[in-house]
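Presented below, as structure tokens, is a lone chain in the form predicted alone.
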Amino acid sequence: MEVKLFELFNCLTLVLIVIIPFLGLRQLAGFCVSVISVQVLIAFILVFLIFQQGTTTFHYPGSVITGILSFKADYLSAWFIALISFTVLTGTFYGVKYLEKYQAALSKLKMHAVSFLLVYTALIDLVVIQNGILFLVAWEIMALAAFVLIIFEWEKKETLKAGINFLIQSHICILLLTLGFIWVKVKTGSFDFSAIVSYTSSHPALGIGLFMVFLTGFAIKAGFVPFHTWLPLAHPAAPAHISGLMSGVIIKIGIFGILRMISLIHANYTLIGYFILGVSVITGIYGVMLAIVQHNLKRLLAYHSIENIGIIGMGIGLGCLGIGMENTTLFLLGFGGALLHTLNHSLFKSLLFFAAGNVYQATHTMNIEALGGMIKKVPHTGYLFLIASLAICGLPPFNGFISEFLIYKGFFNGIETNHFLFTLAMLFSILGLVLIGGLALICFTKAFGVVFLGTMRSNLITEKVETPLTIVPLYAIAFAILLIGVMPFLFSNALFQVTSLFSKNNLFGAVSGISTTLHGSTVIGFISLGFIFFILAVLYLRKRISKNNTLSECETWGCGYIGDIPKAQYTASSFIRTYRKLAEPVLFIKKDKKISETLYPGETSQFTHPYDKAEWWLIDKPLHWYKRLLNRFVFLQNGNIQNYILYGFIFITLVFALPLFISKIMDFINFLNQL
């Protein structure tokens, strides 16, 4: 049954890709939404069958190079199929309305639709493929299709630059994955994932090296520091529904790859756990520190994706330490928290990007400094953005609290051990997670307050954008966020089934480890939800009581600022000025000041431009040195045709002379060996 569903899923993609070039504007959206909806339905039926009946393995004949093409739909596959499909479904409905303003560019829309289908299909295929060559092919399809989605507005220079950056770094990722699969092929003669298990089982010392190759490749896609530099460029450049898809789904395929390799490779997982934990804490802190100082709303959200990848990585590191130290509690809470936070992040981050898309379509800007009072223009969007903001900050009764609570509990359980280094690592991780949570609260207080509260800070003309297609998908996501936050116990069995795949020596104990924690957090969720309803009831009662009261309005004392009220508000920069002063030694912030010091002062202004130090050192500096090196050979391009003919003559001479010279050298070496 599962095999037939998988084949039907892929066939629907092929059929629609063939049909799309012949569709008109009116039929394009309808066909795409219908086919993707059917595919999502098939995907969820497949997920249900896997969790009910267990792992399904199937094979197809391959070639001499690839060998037999193996596929395995297990619990880990089912978990990622579910989160991918839900985000794709909501993104599809939202994207249809978002792209209405581009109806004049029909060919561009068709290319976008084809690429969207290819990304979804490639993502689903990647989580079930068990052959290295086929995995790389599907990964390449995903990377190329995602590149096309990012550069939808290719006529913009910054968009094209971000897309090319994404494409280059995606292929560095593919190169590393290729090296890993070739390593296994050379040692075992097979590209099948089972060869990874057999090879590392007999060579656990080499398993660490192989794991690090795969970890680096997948870390680029996931956005771990310092491999994150493509992410803050690509997310703001893409349309809002693609930004939601990238943050909610595409970077998660990097997390899937890391988890898949953990389930396959046998190695020293204590050492691996310490490494992943350290990198993840740095990733989370660095991501949120840079997010706070951003002035572009989508770029701010992009850096928060890096922060949350750090949180997921902390859970993975904790789970790896549980494997290495044979600690069932750490194992369950670490991997359980990481898996649940992967799902949670796909929900609240896609909701944040979709809400940001509504703000952009209403105002045509993502500059936080120019916005303000948007909750009066797009009220549904404002309240939904607030829900997602509370969720990403890890506050109950929303889903972000549950997954972070699992990871916190794992760290606090780890402190109870007598191992000094391990206890120190747990304390370091707890402090890191606390710092991440506190800084996230600062960031989203700024983002929501400056964008949605107060009054507009510039003369922007706002358009009406809230329609059923731009709001209903967002409410569906908000409902899922609240459902997980209030009733997380619904996911305890599924989480236990998935985490059991990472056990190396049947180290997964009983389901009660996760179930007890989730039931405990359910109580917190219901209490928090009850408190929210109590506040709403008090506000409603107050409104009813004061309904017939006579209201009088008068001007209040303006503290001397009775002129242009919008300029008397906090800006995004002034709101976090104290933080910026403290963080300046770590961050890279440029300032443009214009101060009038005349007797009658004129206009005074200050602009801050935050920049990523990692991008400066890892991309900008090497490119600068590379250009300087090439500039030393500019004299070769002198425009003289005689010189160019000479270069050709020298090249042809070398082509014939060099092999002859090498042959003579080899003959001389052989002669010396005979002596």
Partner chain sequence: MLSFSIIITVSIFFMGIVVRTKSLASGRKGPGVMQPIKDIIRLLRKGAVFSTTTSYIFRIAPSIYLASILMAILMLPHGNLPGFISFGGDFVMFAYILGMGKFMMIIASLDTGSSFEGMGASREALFSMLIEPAFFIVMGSLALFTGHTSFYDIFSTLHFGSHISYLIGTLAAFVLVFVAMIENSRMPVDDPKTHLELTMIHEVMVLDNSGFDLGMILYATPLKFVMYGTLIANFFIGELPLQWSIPVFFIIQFVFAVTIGIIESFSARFRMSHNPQFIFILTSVSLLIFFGVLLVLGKFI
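Numbering follows the first chain given and starts at 1. Predicted model only: the values in this text are computed from it and were never measured. In this text, rigid core is short for the largest set of C-alphas that superpose within 1.5 Å between two forms.
Just so you know, the form predicted in complex with the partner chain exists too; it's not on screen, but the next bit is about it.
TODO: Counting non-hydrogen atoms within 4.5 angstroms of the partner chain in the predicted bound form, say which of 376, 72, 203, 171 makes the cut.
DONE: Only one listed residue qualifies here, and that residue is 376.
- [ ] Heavy atom within 4.5 Å of the partner chain in the predicted bound form: which of 139, 286, 86, 401 fits that? Just give me the one.
- [x] It is 401 that has a heavy atom within 4.5 Å of the partner.
Task: Partner-facing stretch of 543 to 551, 296 to 304, 231 to 239, 205 to 213, counted where any non-hydrogen atom is within 4.5 angstroms of the partner chain in the predicted bound form - done: Among the listed stretches, the partner-contacting one is 543 to 551.
Open item on the list: With the partner left out here, check for me: in the predicted bound form, does some heavy atom of residue 93 sit within 4.5 Å of the partner chain?
Closed with: Residue 93: no contact with the partner chain in the predicted bound form.
Open item on the list: At 4.5 Å between heavy atoms, is residue 254 in contact with the partner chain in the predicted bound form?
Closed with: Residue 254: no, not in contact with the partner chain in the predicted bound form.
- [ ] Verify the contact flag for residue 570: yes if a non-hydrogen atom of it lies within 4.5 Å of a non-hydrogen atom of the partner chain in the predicted bound form, no if not.
- [x] Yes, contact at 4.5 Å.
Open item on the list: Taking the partner chain as it sits in the predicted bound form, is residue 445 near enough to touch it, meaning that at least one heavy atom pair lies within 4.5 angstroms?
Closed with: Residue-level check for residue 445: yes, a contact with the partner chain.
Open item on the list: Counting only non-hydrogen atoms and a 4.5 Å threshold, tell me whether 185, 663 and 669 all contact the partner chain in the predicted bound form.
Closed with: No, the candidate spot makes no contact with the partner chain.
Task: Partner contacts for 141 to 164, taking the partner chain in the predicted bound form and a 4.5 Å heavy atom cut-off - done: If the 4.5 Å heavy-atom criterion is applied to the partner chain in the predicted bound form, 141 to 164 yields nothing.
Task: Threshold 2 Å Cα movement between the shown form and the other one for residue 547, core superposed - done: Result for residue 547: yes, a 2 Å-plus shift.
Open item on the list: Please determine whether the C-alpha atom of residue 105 is displaced by 2 Å or more between the shown form and the other one following superposition on the rigid core.
Closed with: No, because once the rigid core is superposed, the C-alpha of residue 105 moves less than 2 Å between the shown form and the other one.
TODO: Return yes or no for residue 529: a CA shift of at least 2 Å between the shown form and the other one, with the rigid core superposed?
DONE: Result for residue 529: yes, a 2 Å-plus shift.
Task: Residue pair residue 527, residue 493 - Cα distance in the predicted bound form, closer or farther (3 Å or more) - done: It is closer: in the predicted bound form, the C-alpha atoms of residue 527 and residue 493 lie at least 3 Å nearer than they do here.
Task: Pairwise C-alpha change, residue 468 versus residue 537, in the predicted bound form against this form - closer or farther, 3 angstroms or more - done: Here the pair is closer than in the predicted bound form; there, farther apart.
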